[in-house]
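Only one chain comes next, encoded as structure tokens, the form predicted alone.
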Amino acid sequence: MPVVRLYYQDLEEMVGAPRETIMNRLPMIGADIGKRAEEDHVDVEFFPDRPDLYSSEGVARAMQGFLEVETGLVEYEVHPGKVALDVDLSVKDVRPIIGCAVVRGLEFTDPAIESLMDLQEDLHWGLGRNRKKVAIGVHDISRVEPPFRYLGENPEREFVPLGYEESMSMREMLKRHPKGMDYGHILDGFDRYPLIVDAKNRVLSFPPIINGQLTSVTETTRDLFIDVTGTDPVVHRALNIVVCALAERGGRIESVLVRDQASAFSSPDLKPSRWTVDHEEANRLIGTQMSQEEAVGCLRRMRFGAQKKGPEIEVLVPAYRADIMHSWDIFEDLAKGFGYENIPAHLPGTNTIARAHPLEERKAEVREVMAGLGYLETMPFTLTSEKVNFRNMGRHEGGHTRVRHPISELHTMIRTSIMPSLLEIFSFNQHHPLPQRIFAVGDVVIEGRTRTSLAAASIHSAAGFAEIRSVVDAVLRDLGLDLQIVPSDNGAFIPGRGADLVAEQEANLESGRAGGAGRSGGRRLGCFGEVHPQTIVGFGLEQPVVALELLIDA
């Protein structure tokens, strides 16, 4: 979940309430406060469905309502501006959607700059699907001259990217600049790249990769030009979130005229959307007996506009709310405004006596065994990517379940093996001392079937086959398993230093991952061995690794 850093003094000034009051009530709007609070700040996690809370300004606005410092809809005025942006046909096939705004009269402090940069990156991740659907550029408008132009440019066009002093071509940036290496894949297959330039043909932005150094934002910046480009209309919602956050800092929002050959529109559009909801339906779903007046008050606490309209309630949803897609989304906020602690508790009508599922008992047994062997438990994500799960492991792709609408290229499938995730954890923790020995117990999905797997891995300079074989022998003994150990052709291991764990049962699953067929013809339930150097390098590691994986539900 997105983590927002809140500086206490900054938050108190924006909310108009003391720190203790804010922090005591903050969890009730859907926040998880970190266990470690520093002297001047605290890190807070928010659910991904509330991108308007990805900044201290958004949190302050929400808490003003929740604490009844200031309730109801916040109406942000968009003043007519003199800036225009022309969209060239050459960019329509590459990154066709753009929204823009100008925000003037800002007084930047260190917390304000940090909040803006973090908001930008969190929106890239949340709404933007790692910049594929949305990319945001923030510029010091005093250094450039409108009107601006958004076009598809020759990749050999050169300019100085943000954070650099030397000029390089856009094609070079995709290979040399860190942001280019991270996001250059978005432009694969295109012979022209998106570019925003000013009236003198100076570069503001190369979306979705990097801004130009010319318009970098500093503490002396007072006026901003904001561009949001992408492939989805959610571009405009992301723009609204950014400009409304800046307006909370005292900024004056001005419109930009966006023109192409066929049409023109004024951006941003901060008009609220209008909904009509049935408060009796809300009462049934939430389990309350609120009157219309109470429901209106609760919605206003959540910063909606709300008023009675006959037997129903008319609700005005702010332009920065990207999560309201159904009346039940409004009911969720109504419950928060009422207070979860005020919802009456009722015992369920059916009483049952619970007991642990046999598989959960088995997992507990496995955890005890691995902890006794000196391994530390981890909990990797269930979602992974084909690169991590297959290609880095030297395995052939197949038998996996893909995510239809992945949020990023890092989470495109459900894992078929846990072992790659452990190697990925090693790569994230190379700054910690060796040896490192970790394990995980969890679900994998193979050929559409959910299985439960144990994986363990050890990394240090002397890691070898004898070590992992001794671990396997201990696991099989303590779990009471009678499995054959046979040579393996698993591409993740060094040839001759990998083995399969096979049960003498009929099976015809594919070899190369837990659950395949072993060389003996029995059912392959696991594997272990010395990890292949190519796999080690693929994960960016520099020390020998040994690993095992075993299906424990078989």
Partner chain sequence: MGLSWAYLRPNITLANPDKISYFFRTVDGHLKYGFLDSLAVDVIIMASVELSERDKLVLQAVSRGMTDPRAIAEKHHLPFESVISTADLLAEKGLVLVEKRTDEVCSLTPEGRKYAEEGLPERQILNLVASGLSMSELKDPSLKIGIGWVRKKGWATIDKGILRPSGQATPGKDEETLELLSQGSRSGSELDKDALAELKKRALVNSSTAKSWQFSLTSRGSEIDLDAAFVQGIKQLTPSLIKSGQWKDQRFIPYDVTLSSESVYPGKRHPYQRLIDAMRAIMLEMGFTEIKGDIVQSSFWNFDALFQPQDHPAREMQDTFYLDSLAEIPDYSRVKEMHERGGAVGSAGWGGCWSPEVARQEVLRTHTTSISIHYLADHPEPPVKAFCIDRVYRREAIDATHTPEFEQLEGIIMDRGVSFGNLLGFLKEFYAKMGFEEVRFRPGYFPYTEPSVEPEVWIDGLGWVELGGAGVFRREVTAPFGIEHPVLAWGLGVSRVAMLTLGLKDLRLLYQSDMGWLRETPVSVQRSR
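Numbering follows the first chain given and starts at 1. Under this definition, the rigid core comprises the largest set of C-alpha atoms superposing within 1.5 Å between the forms. All values derive from a computational prediction rather than experimental measurement.
Another form, the form predicted in complex with its partner chain, is not on view; read the next lines as being about it.
Contact check at 4.5 Å (heavy atoms) against its partner chain in the model of the complex: none of 16, 88 and 273 pass. In summary, among the residues 106, 414, 78, 277, the only one with a non-hydrogen atom within 4.5 Å of its partner chain in the model of the complex is 414. Just one of 433, 310, 480, 189 comes within 4.5 Å of its partner chain in the model of the complex, counting any heavy atom, and that one is 433. Contact annotation for residue 350: at least one heavy atom lies within 4.5 Å of its partner chain in the model of the complex.
The closest heavy atom approach of residue 340 to its partner chain in the model of the complex falls within 4.5 Å.
Taking the partner from elsewhere, residue 155 is found to have every heavy atom lying beyond 4.5 Å of its partner chain in the model of the complex. In the model of the complex, residue 285 approaches its partner chain with a heavy atom inside 4.5 Å.
Annotated contact segment (heavy atom within 4.5 Å of its partner chain in the model of the complex): 425-433, selected among 425-433, 172-180, 80-88, 159-167.
Scanning 326-349 for heavy atoms within 4.5 Å of its partner chain in the model of the complex gives 326, 328, 329, 332, 336, 340, 343, 344, 345, 346, 347, 348 in sequence order. After superposing the rigid core, the Cα of residue 431 is displaced by 2 Å or more between the shown form and the other one.
Core-aligned CA deviation for residue 325 between the shown form and the other one: less than 2 Å.
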